[in-house]
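Only one chain is given next, in structure tokens, and it is the form predicted on its own.
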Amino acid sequence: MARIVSRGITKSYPLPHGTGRQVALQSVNLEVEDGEFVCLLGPSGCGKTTLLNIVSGLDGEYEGDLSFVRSGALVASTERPRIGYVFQEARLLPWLTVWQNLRFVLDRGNLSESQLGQRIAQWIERVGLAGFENYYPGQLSVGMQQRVGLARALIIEPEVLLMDEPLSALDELTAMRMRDELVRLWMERACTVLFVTHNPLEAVYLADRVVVMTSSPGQIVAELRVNELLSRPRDLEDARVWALSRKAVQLLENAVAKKAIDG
């Protein structure tokens, strides 16, 4: 697995007609430990997705330093860890079936097609989609599509898993099942997770640590170490989960209020 280390990450975008630049992230320092589950919590537009895109390598235009550490040693930039990315929308290839979408992301390596097929079948079973192998994305519900997206990210056996509000479009019952499945699969894989959410209760339920960001330009202003206060498995009906989610809300409100005062 791998640890994520960001130092002074700053990202800005040019404004129209050359009138300057909009700063999206400013001096973001964040470490996510090997195997840790961290949730980024913050208002819309605070740069959470931008930070994920930088960590994933999709965005290479930024200031500061982003690195990975594996077994105590810095990972060379040419040898980035395997990264799985689950987007807010599933982003499946609509002309491919569930099976084909998963096969598309797999390198053959030393595996035979039969072995690859076994792996695909196992992951389809794990996310509860056995029997839907030959369905196209348009034939699936939003929740089922997101399950395929989760399987697609995990089937490559990532060292780092990035998730950008993957459950926000789901009804609450489906989201509850997906959260439980996600925790179960993460505990099996023990990969490093950086999960973006607007939902404080979801953050406390899922995370070892909740990191609070303030509005644009995005900065990290507080954190809540959930794993020091709650063991796993967790229960959404547990009063302690609700109390900590209120603490997360307070941290978020304080961050927004301070930003408004500071201008």
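Fair warning: this is a prediction, and the values are worked out from it, not measured in the lab. The first residue of the sequence shown is number 1, and the count goes up from there.
One more form of this protein exists, namely the form predicted in complex with ligand ADP; it is left out here, but the text below deals with it.
K.L.:
Any idea which of 223-231, 201-209, 28-36, 47-55 reaches within 4.5 Å of ligand ADP in the predicted complex, heavy atoms considered?
P.N.:
That would be stretch 47-55.
K.L.:
Of 251, 24, 9, 244, which residue is found within 4.5 angstroms of ligand ADP in the predicted complex when only non-hydrogen atoms are counted?
P.N.:
Contact residue from the list: 24.
K.L.:
Decide whether residue 43 counts as a contact residue for ligand ADP in the predicted complex under a heavy atom distance cut-off of 4.5 Å.
P.N.:
Residue-level check for residue 43: yes, a contact with ligand ADP.
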